[in-house]
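One chain is shown next in C-alpha cells, namely the form predicted on its own.
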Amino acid sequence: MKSIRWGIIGLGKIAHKFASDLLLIEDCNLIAVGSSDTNRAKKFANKYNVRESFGSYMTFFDNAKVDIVYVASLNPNHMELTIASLNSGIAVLCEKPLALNSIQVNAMISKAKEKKLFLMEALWTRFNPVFEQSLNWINQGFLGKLRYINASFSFYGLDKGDKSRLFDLKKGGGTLLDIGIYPLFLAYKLLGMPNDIKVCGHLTKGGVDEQLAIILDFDNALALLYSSFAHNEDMRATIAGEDGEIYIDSRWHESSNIALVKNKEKESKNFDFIGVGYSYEIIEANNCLREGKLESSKWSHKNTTDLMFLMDAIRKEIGVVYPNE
C-alpha cells in the first residue's frame, strides 16, 4: 500500500490535534510543516518529529515533497493557500469552512479540477463513527420519515476579547463559520437543501455574529439550529422521524456516544475513537488519493458548495460582511 506523504500549513491549535491523530494512522507520514513564522515551524516540527519545516508558505510549496497538505490557517487565507498548493501540484485537505463565500469556493474547486488534484473540505464530523452510525440507522429505515433535527454548538468566549479570531471580521470571525457550520451540516446532510431559511442573529459592535438561530423549512420537516459564543450549554443533537429518534450525546459533533429510541426501546452504542477523531477524515483522504479520486463521495465538492450557499444566505440575512470578500 502506498504511504501518503502529508504536510501541514498554518500551525495553530487545530493543527496540533490533526498532527497527533495523523501519527496514529498507518501508511502515512507527516514529513513537512510550514508557517509564516520560522520559529513556530521549527518548534512544531520538533514536537512531532517532522523532517522538514519551512518559515514561509511559498517556501513550503516550492520545496516540500508531499502528496497532500492540510491547510489549517485562518479562514481568510484558505483560498490563497489552497490555490497555491494546487498550483504546486499538491492535493489539499482544507479546514472548514473551505472559504469565506461561494465565489471563493467555486474558484478553489475549479482550480482543483483544472490541475486534476484531490480537494476536500475538512469537515471532520462527517467521517466520525457516530455520524456514520446515524446514517446507517436512518438508511435502514429505523426512524421512518425524518421530521425534525435539533442541534446547537455554543461556548462562552466573550472573555477572549475583540482581537480574538472569533470576533475579528478581518479573520473571518463569527459563530456561523466557526461553529454554526456543524449544526447546519447535520441538517443539510440528512435533509438536503431547505425550501426556506429563517434567521435571527445578534451581532457584536465589530460586526460578527455572536449568537445565531436558524430555522430550516423542508418538505414535511424542520430543523432548529443554534450557535453562540455567549454561553456554555449541553450540546446534544436530536434526529427525529415518525418511527424513532436518534440522540447524540454532548458534545455531539465529536461525541463517541449515540442512541436509537424506537418503540420505547433504547439501543446505545459507544465507539472507541482513533485519537480525538480527526483520524477519520485523514483515512478518507488517504483512501481517495490511493484510488486516484479528485473528491470524496462522502463529502463531495457539491456538498461543500451547497453548504457554503446556505452560509452565504444566512450571513446576508443578518448582515455579516467580511472586508476581504
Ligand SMILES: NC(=O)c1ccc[n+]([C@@H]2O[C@H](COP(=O)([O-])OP(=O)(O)OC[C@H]3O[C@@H](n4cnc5c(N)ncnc54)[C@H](OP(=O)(O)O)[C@@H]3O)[C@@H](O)[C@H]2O)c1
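Model, not experiment: these values are computed from the prediction. Residues carry their position along the shown sequence, with the first being 1.
What follows is about the form predicted together with the ligand, which we do not show.
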Which one, Ser268, Ser256, Asn287, Ser36, lies within 4.5 Å of the ligand in the model of the complex by heavy atoms?
Ser36
Ile246, Leu119, Ala72, Leu216: which sits within 4.5 Å of the ligand in the model of the complex by any heavy atom?
Ala72
Taking the partner as it appears in the model of the complex, which of 226-234, 184-192, 88-96, 131-139 has residues with heavy atoms within 4.5 Å of the ligand?
88-96
Any chance Leu11, Tyr57 and Asp178 all have a heavy atom within 4.5 Å of the ligand in the model of the complex?
yes
Indicate whether the ligand has at least one heavy atom within 4.5 Å of a heavy atom of Trp124 in the model of the complex.
yes
May I ask you to check whether Asn150 falls inside a 4.5 Å heavy atom distance of the ligand in the model of the complex?
no
Given that the partner is absent here, does Tyr278 sit within 4.5 Å of the ligand in the model of the complex, heavy atoms only?
yes
Are any of the heavy atoms in Lys115 no more than 4.5 Å from a heavy atom of the ligand in the model of the complex?
no
